[in-house]
Ligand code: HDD
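First, one chain by itself in structure tokens, the form predicted alone.
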């Protein structure tokens, strides 16, 4: 493995690991605040139990996310010094603001965890709300920095160096709104359905368990709306990519030649040597319609850019197909849940629905991993699109395979520890049953 591939692989592993904890840090505080609010409104002690358990889970995931995020920040400087030298003055502001959001999240999470019965209920819920807002803000600023890498702005090149830097313009690039919207919705959908899936599995064993019924309801309140709205966010993102990053769109769709009325491809494997996508189901004019809202619009193919500027087409195309398939499943499942709720049916009594929700549990996270693969691999060979190539940004230090293997081993260890802790937290759920429309008090954990 060469040093460039080792550096890219290390960043891929680090980002792929960290992003799971980042998205949970965005959405889990919303779940715990909703649960606590319902406890105050209904007096149902099971909502209090839920809020406390989800707060513990949030703390565990926040701690691991903080560690993995710190590793990522070091890797940016150590593995990509040329990138940081160039981009630091431009995107330093969103990274600084992300630091403030992170500190606010840490401080108020501490207040929330240790404030039970020490501060007023309103102040306690306010602390949890700040945790939720800070988590979303932290993600917002990081995604804004990534958006700048996809559509760089806010500076002028002079002798290969950035001058006339405008940090506000750098934060408000064309990619900023589509990426932020898509990421936040993905976080709420993924986390909501992950939590709902766990409790759906429990309800398949005992559908009268009141604790899991309440947990399922709160999780779906967060996950379902985000999953239903997400396809509209995807439409916005597709149109932005079509305009600002045509090679990425061409790789996503396996579109090798520039074409008016380009077809939308479902499935298939791109053959780079033959410059065609094999075994795909093609919908005539579909890509032109989705990307430009015009079935006859011209879509630029990979033939519009030099071969050396092509992204790894098969990886991008397959990742995009996985993302769309999983996102579509979650959206359709969300509509099914809305329909059943509108009909006032008992969700937990519908075993097929509970199976579908349980199956969806990992799908949101897989969808996010696939989406970030599209975003990052689809930008290659550029680390800053059209400005700096990834090969020019990597450190000249040799032997990068060593830290890559070490970091990968560390993440595997952390992953096992986190899964064990969360499994123990879930399996200690109280055994409570619905009886005549009322719930018994939760048993001691």
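From a predicted model like this one, the values you see are computed outputs, not experimental measurements. Positions refer to the first chain, counted from 1.
This protein has a second form, the form predicted in complex with the ligand, left out of what is shown; the following refers to that one.
Look at 110 to 118, 353 to 361, 299 to 307, 175 to 183: in the predicted bound form, residues with non-hydrogen atoms within 4.5 angstroms of the ligand sit in 175 to 183.
Mapping the unseen interface onto this chain, residue 328 counts among the residues with a heavy atom inside 4.5 Å of the ligand in the predicted bound form. Within 4.5 Å of any heavy atom of the ligand in the predicted bound form lies no heavy atom of residue 277. Using a 4.5 angstroms threshold between heavy atoms, residue 288 stays clear of the ligand in the predicted bound form. The closest heavy atom approach of residue 213 to the ligand in the predicted bound form falls outside 4.5 Å. Within 4.5 Å of the ligand in the predicted bound form, a heavy atom is found for all three of 231, 248 and 368.
Contact with the ligand in the predicted bound form, judged by any heavy atom within 4.5 Å, is made by just one of 87, 337, 313, 238: 238.
Screening 252, 220, 170, 194 for any heavy atom within 4.5 Å of the ligand in the predicted bound form leaves a single hit, 252. Along 289 to 326, a non-hydrogen atom within 4.5 Å of the ligand in the predicted bound form is carried by 320, 323, 324, in order along the sequence.
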